[in-house]
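Here's a solo chain for you in structure tokens, the form predicted on its own.
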Amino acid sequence: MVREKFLLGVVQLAMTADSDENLAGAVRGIRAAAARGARVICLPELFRSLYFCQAEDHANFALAEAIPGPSTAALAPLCRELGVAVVASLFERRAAGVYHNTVAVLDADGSLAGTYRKMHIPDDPLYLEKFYFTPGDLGFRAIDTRFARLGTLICWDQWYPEAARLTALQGPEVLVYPTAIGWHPAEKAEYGAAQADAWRTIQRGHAIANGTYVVAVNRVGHERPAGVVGEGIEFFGGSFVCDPFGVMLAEAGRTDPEVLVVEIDPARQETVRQHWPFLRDRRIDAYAPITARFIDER
């Protein structure tokens, strides 16, 4: 059965060092999207704080919370009031010494519809996530809400076609990527345009290869939390929604908070997959080597 059309909201935010202020900004964005008819609303990665992974600092573990916990408790009544589902990316404290970068999906009745723990954990300059996050152990997931089945992935996951494929095979109408990505200021002039274009291109490729809508929701603003050596990160926004053929439906700017509301039509997914039947023509009998780290042909 093909689901009905619905409106999806994307809330691009600028973060501060004040967790409560960040929550208030997210609530304003959710309300703004809902006022325009959005039924599923997506927030950026780790929206409760500055992007703390720019430095290895044990004090930052105090930012973590349980799921369910304070953030889900704050958002659940809002979901019930507005009748919306919300995709919220949080720093999860699972146990002492075990922390995850986790998406919590709240349904329109305020219940916790499901969680996804980030599978691919980067370790790059100013993206020191391996210090903080245990790799996800829930696998790739699609989570049902009242309005849609959502494939939930997070930031660094967006570079991996395997993650998109394994999630898409579970039948979501939308792949959602809460994100925190930006430029190193010293590199922006030389590499910035190409980096942002690669980020957008790879995700449009996932939409086309899997015949599904893709949503990327980023943050904006220059962030240099206390203790960070260097210039920090300039988060480049550009949150967007593309359709199952890779057509860009909406794209936010690079510098300011913004709310996008876009129609998602599951019938479009059906039509695209009928005409470009990539899932039909997959050679699943020949893909076993994909689980190897590298294939030596000597």
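Values in this document were obtained by computation on a predicted structure and should not be read as measured data. Numbers for residues come from their place in the sequence shown, where the first is 1.
Separately, the form predicted in complex with another copy of the chain exists; it is not shown, and the next lines address it.
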item	value
The single option of 133, 147, 213, 156 touching another copy of the chain in the predicted complex, heavy atom within 4.5 Å	156
Answer option from 59, 267, 27, 247, heavy atom within 4.5 Å of another copy of the chain in the predicted complex	247
is_contact(residue 168, another copy of the chain) in the predicted complex, heavy atom dist at most 4.5 Å	yes
Exercise: residue 1 in contact with another copy of the chain in the predicted complex, heavy atom 4.5 Å	no
4.5 angstroms heavy atom contact with another copy of the chain in the predicted complex for residue 128	no
Residue 123, heavy atom within 4.5 angstroms of another copy of the chain in the predicted complex	yes
Segment that reaches another copy of the chain in the predicted complex - one of 70 to 78, 215 to 223, 137 to 145, 105 to 113, heavy atoms within 4.5 Å	137 to 145
